[in-house]
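This document opens with one chain alone, in structure tokens, the form predicted alone.
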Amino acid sequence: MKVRKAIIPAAGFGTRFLPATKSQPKEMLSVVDKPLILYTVEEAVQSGIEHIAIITSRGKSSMEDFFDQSPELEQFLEEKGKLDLLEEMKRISKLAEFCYIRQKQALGLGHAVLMGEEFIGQEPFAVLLPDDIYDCPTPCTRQLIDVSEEKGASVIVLGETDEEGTRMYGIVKPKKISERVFQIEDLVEKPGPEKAFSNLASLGRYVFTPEIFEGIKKTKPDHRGEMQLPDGVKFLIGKQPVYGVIYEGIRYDCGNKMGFLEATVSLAIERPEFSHRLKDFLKSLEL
């Protein structure tokens, strides 16, 4: 079955970016001139997604406004002859059909995904975490969808990590199927290097069969009372094959300040209007 729907969990407080996120969602912080949430939505749409549910919380209404039409702004841009910007504003408002679901309590990533169950129904679907920007020749989510449609199974994105990464990400126990595709035999969240199954980490993109909802419901909340998505994946692994795909491209972890800075510089250098001047500026710093 074609993957048409996606869930984007965006209800967190963004405490790593305080004070910038005191009065605006972390997902609306801009990398160059685009907010994080737009990079995520564009990846989903370029992967063939048509319907997107964004899981929000109190104080996140600016995301709804961002993807809505703005007649006053459009009229202003038209009157000023700023037609390129006008077309861009219209494009953003027509990217996909959006649904916004309020997560009233911060009960974990698994709970955030579970809130989209009614929206998803009995279809396979994608989950994209907006902390990550993937700069790939083929959109990262599309890479997963291609394997999911071939295998008829759930698929998660994998990437190689170092010892520090084993303390930050879920680490999989992989069984090699091909050069980039693995069957996932187990998954442990943030195990540290001593207990890590491998150097392959789960990195914020998923395509699930709807059975993941049953898995989330049957997992026990952790010590903080939160329902964690990796526990739902572990349940799924016990019921049906789950695969992992090593992505082709570049990933920026914008969930931390260093990754956010790296994304800003790297993506700005890719833009013709900034590239030469930015490179000259960086050289002038004599780093």
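Everything quoted here is computed from the prediction, not taken from an experiment. Just count from 1 along the sequence shown to find any residue number.
Absent from the display: the form predicted together with a small molecule. The rest refers to it.
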Can you work out whether the small molecule is within 4.5 angstroms of a heavy atom in all three of Ile145, Val207 and Tyr247 in the predicted bound form? no
Using a 4.5 Å heavy atom cut-off, indicate which stretch of 136-144, 162-170, 177-185, 79-87 touches the small molecule in the predicted bound form. 162-170
If the cut-off is 4.5 angstroms on heavy atoms, which of these, Glu149, Glu117, Glu74, Glu189, is the one near the small molecule in the predicted bound form? Glu189
Picking from Ala196, Leu129, Ala153, Val113, the single residue whose non-hydrogen atoms come within 4.5 angstroms of the small molecule in the predicted bound form is Leu129
Residue-level question: is Leu158 within 4.5 Å of the small molecule in the predicted bound form, judged on heavy atoms? no
Hey, in the predicted bound form, is Gln228 touching the small molecule, heavy atoms inside 4.5 Å? yes
May I ask you to state whether Leu203 is within 4.5 Å of the small molecule in the predicted bound form, using heavy atom distances? yes
